[in-house]
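Presented below, as structure tokens, is a lone chain in the form predicted on its own.
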């Protein structure tokens, strides 16, 4: 018997082709429920304050900029200050995220807030992350009207708000949070894992920011 035949036979035996439809479904459910966890790096397994600090450090290492604010109400002012510091127009695009909508944007009287997906003409987009990954400095964005995926990729500057309490040590913890929040059959169509601004080294092996998306990623960590 060849190695190929041996492998296929083991697969057939595991599937138990003679079993009923109900039995096969039960076996599949058992395998999914009892799926083993992968190896989780120790780097992100830290107390909350140290975990958030690691997230900020790792994000800065991949060319993101960081600002920490005490509470959600501080975010609109932080966004306005970022625009001024970068000499950008006082205008941002954001989706229908309830957490962003509850912030006091009206107090920033010079700031124009546009709603809905980006059409490609926006200089700055603002999103709210589902969570962050401390070990890599990654923000996790689920697609949908609350945070349209177009805002992740089309504006030149992407400002992402992430709550400190939502920064996990590892990606697996964030994915488990997604499963609990949405459940089977209700998962978001896309999860975008964003680690720093867009970049490419294809031309002469020189890193160019903004090659395939925003050339600047600014993270506002709340809490």
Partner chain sequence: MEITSPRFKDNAAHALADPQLQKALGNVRAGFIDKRQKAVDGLPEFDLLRDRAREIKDHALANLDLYLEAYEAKVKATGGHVHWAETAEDARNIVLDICRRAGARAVTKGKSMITEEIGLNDFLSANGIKPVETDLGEYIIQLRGEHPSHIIAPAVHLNKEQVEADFRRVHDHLAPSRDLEEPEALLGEARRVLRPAYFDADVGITGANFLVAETGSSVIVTNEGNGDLTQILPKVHVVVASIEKIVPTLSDVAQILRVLARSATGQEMSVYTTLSTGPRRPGDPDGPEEYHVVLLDNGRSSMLGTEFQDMLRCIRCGACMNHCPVYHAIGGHAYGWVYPGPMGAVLTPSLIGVDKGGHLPNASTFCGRCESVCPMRIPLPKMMRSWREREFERGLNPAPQRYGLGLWAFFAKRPRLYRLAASIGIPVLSAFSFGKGAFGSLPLAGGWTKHRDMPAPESRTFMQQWRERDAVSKQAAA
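Think of the rigid core as the biggest set of C-alphas that the two forms share within 1.5 Å after superposition. For clarity, every value in this text was computed on a predicted model and none was experimentally measured. Numbering follows the first chain given and starts at 1.
The form predicted together with its partner chain exists for this protein as well; it is not shown, and the discussion that follows is about that form.
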> Pick from 67 to 75, 138 to 146, 106 to 114, 80 to 88: which stretch has non-hydrogen atoms within 4.5 Å of its partner chain in the predicted bound form?
Replying inline: 138 to 146
> Heavy atom to heavy atom, is residue 36 within 4.5 Å of its partner chain in the predicted bound form?
Replying inline: yes
>> With a cut-off of 4.5 Å between heavy atoms, is residue 184 one of the residues that contacts its partner chain in the predicted bound form?
In response: yes
>> With the partner left out here, check for me: in the predicted bound form, does some heavy atom of residue 180 sit within 4.5 Å of its partner chain?
In response: no
>> Against its partner chain in the predicted bound form, would residue 57 count as a contact residue? Criterion: heavy atoms within 4.5 Å.
In response: no
> in the predicted bound form, which residues of 186 to 201 put a heavy atom within 4.5 Å of its partner chain?
Replying inline: 186, 187, 188, 189, 190, 191, 192, 193, 194, 195, 196, 197, 198, 199, 200
> Taking the rigid core as the frame, does residue 184 move its C-alpha by 2 Å or more between the shown form and the other one?
Replying inline: yes
